[in-house]
Structure formats: C-alpha cells, structure tokens
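Next up: a single chain in structure tokens, the form predicted alone.
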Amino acid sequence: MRKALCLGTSGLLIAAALSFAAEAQETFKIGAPVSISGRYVAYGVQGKNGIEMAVDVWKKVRGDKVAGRTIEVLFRDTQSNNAITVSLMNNFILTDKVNVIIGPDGSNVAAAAVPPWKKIEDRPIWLLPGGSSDVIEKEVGPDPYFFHTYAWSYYYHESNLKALKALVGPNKKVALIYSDGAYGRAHIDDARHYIKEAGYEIVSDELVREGSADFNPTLAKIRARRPDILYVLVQTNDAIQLTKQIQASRLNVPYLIGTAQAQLPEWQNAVGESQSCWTGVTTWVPGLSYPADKNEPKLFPSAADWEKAWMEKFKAVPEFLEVGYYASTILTLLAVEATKSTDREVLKKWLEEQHYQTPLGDSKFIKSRVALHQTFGEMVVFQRQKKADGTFEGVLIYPEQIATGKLKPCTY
C-alpha cells in the first residue's frame, strides 16, 4: 500500500511538473490587424510601430516572456479593406486562437471588425487604440470584453469647443465643412451639438463629396457668410486638397479648425506653408509633461522620457497612434503577468481595476456614452505655428495648464 501510495504521489508530482512545464511553454498570442497598405497606411504603420516598441521594452525590462509564456504578435494587413478585416478577425479568433486583439486603426476597418468579433460567444478581449467613430461604440454596445483606448469622435468636438470658447470668447460665427464619407458623417452631429452648446452661430453648413478635386464653389459660399471660424471634418486626403485651396483663395477666416489631420506628417508635408495657423486635436502631441508611473517607471516612463526613447529607436517624432498602441500593449502584458493567466474573465477584471500613469495619461477605464471601458480619451488642442528657422511645430494651446503657447489668428 505504501509502495502504491508513493507511486501514486510520484505520479501526481510528475503530472503537476509536466503541467507546469507545458504551461511555461505556452504562447501568449496577440492578434494585431493593422493597415500597412491602402488608404489607412499612415495609421497602420503607427499601430505596428507602437506594438513593436512595447514588446521590445517589455523584453528589456522583464525578459523574453510574460508569465512564462512566449510573446507572439500576429501582424496581419487589413489593406484598409473592410472585407479583408472581417476575414482577419475570423481567422484570429477561430484559427489562430489569439488571447487578445489589439487594433485595427481607421474608423471604417474598425467598424467592420465589430460583427465578426461580436458574433463569437467565446471572443477574446479586444483593445481598440484607434477608431474614433461613435458608430463603432453603438455597434459594440456595453460589451464587457471591449476596451477602447482612444477618443470617440465626440471627444474631439467637446475639446475643440472648450478651447475655442476659452481662447477666442463667445458669440462667434462658424462655417462647417464635412465630407459625405464615413468620417464626416460620423462627426457632424456632435460637431453641431458642441458648437451650439458653446453659444456659437452656424452660418454655413456645407456637405462636400469625398475625393473631390475642387472645393472652390464651397469656399465661395463660405466667404460670403464671413465666419470667424472654419470647422473642417474630412479625411486626410481631402484635407490636403482643401487646405491648399483655402490658402490659394485667401479665404480670410481668422481661425481654421481641424481634427486629426493636422497631427499627421502626411498632411503637414503635403500642404507645406499652408499648414500655418491650423489647429488640431489629439490624444498626444510632442512636449506633453505627464510624469512617470510610480510603480512601473521603466514600462511607463514620463512622456518626455518615452518620447526621447522613441526618437532614439525610430529617428522620428512619435505620432498619436504610436503611443496609444504602445500603452495598450503594455497594459495587456501587465495583465497577463499580474494574473498569471490568459483567461478572458481574469484579464477583464484586472484591466477594469488597473490604474497607471502612462505617457498618454491616466489609464483608468471609465464608462463612456455607451461603452463600458474607455480610457485615453482626454484630448489636447494644438496649433501649427512657424518657427524662426522656417519649420513648423505643433504648439499646445489647450488645456491652459499644459499650454506652451497662444492661439494666433490666421494671416493670409
């Protein structure tokens, strides 16, 4: 009996050891749909860079594994195509059996990713560091496994109008231009709401065709209404064409208000001198003064130190999605390390309870209008201004406590 007991105990120990060894050899899989070709390539490259930087930093600070598991990131190109995105999401969940999904980037592909993810009952945790359209939020609903780590479209306009009211005062006339594509239609209702809430009068409300080569007829109508503010809601390619034509027509509107495009190098390089005095709103701009996290200063250094490390690695200024994808990936890895688990219920609970100071700001998840989990929605407003050496920079103008300069009216 004693011999049998010893053999049985030994068997249990061996089984436990084998189980532990098997677990230690497991892989933690991150599905990463990124638009590294097509119309959202600027966003997709940023997303890929952010994830790669996060994994590199993790390995330097914590080692090659997370909770004994090999880290595997499965990058897949959405090609900025909705149908391909649907296929990728299905493959991530059903074939690759990923533990977490991070991405995709542009609002169109992010919206396309919702149905294939949501229809699967045992779907993995999904972190979305892009996709500002509140259409996505409405389609996802209060899903417990969805974590949005970017700003919804209405945050853009809430921040823009707070800045305008504080910096240029009340009783202003506004002209709106918005495209007939997904971006313009997703933003226009909230833009109108916050403009009116600020006490401003909308004197021109112009719908333009996405991909148009000539915006001059629209600009002529706006000129006749003599607005104080021009508020533009179009995607990057249209913003390039529109910006050039506004400058060429000498529209003479004192304040030119954009959203995300003013932050993008693609827009800045394409419009050149015409970028002067345009404002933008974003979750990140170089020069932020957020401190390092007290508990994880190596993973979440100060914004200044993180920016410096990024520039050393990529030889370029970090963009807003790069820091967003970085922070999202680090949070994911911390969740696995802290819980020693890849179970979605366990990871969900940890993500709901975590609280860090990141280079992008406070990581605490809160409820937004519809979604249960929202963070990194706080936005800053900046203005493109010309420096003494002839180059341009994004000068922080709002909120006041982090401002590095003043809002200046446009000169033509």
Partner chain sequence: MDLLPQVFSDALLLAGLYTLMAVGLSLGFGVLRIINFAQGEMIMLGAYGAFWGLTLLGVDPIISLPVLVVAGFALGWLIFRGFVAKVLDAPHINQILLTFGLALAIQHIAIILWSGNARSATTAYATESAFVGDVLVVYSRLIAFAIATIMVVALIAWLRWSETGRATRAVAENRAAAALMGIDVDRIYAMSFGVSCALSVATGVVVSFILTITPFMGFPMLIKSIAIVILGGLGSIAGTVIGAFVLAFSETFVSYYVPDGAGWAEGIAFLLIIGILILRPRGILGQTVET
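As the structure is a computational prediction, the values presented were derived from the model and not from experiment. If you superpose the two forms and keep the largest set of C-alpha atoms that fall within 1.5 Å, you have the rigid core. Residue numbers count along the first chain shown, from 1.
The following text describes the form predicted together with its partner chain, which does not appear among the structures shown.
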Only one of V55, A42, A67, L372 has a non-hydrogen atom within 4.5 angstroms of its partner chain in the predicted bound form; which is it?
A42
Heavy atom within 4.5 Å of its partner chain in the predicted bound form - the one residue of T339, N295, S249, N171 that qualifies:
S249
Thinking of G38, P217 and Q241 as the candidate spot, does its partner chain come within 4.5 Å of a heavy atom on all of them in the predicted bound form?
yes
Give a yes or no for Y178: in the predicted bound form, does one of its heavy atoms lie within 4.5 Å of a heavy atom belonging to its partner chain?
yes
So, in the predicted bound form, is I71 in contact with its partner chain at a 4.5 angstroms heavy atom limit?
no
Though only this chain appears here, would E197 touch its partner chain in the predicted bound form if you measure heavy atom gaps against 4.5 Å?
no
Tell me, yes or no, whether H193 is in contact with its partner chain in the predicted bound form, where a contact means a heavy atom of each within 4.5 Å.
no
Proximity to its partner chain in the predicted bound form (heavy atom, within 4.5 Å), stretch among 323-331, 306-314, 163-171, 268-276
268-276
Restricting to 194-208, the residues within 4.5 Å of its partner chain in the predicted bound form through any heavy atom are L207, V208
Superposing on the rigid core, do we see a C-alpha displacement of 2 Å or more at R39 between this form and the one not shown?
yes
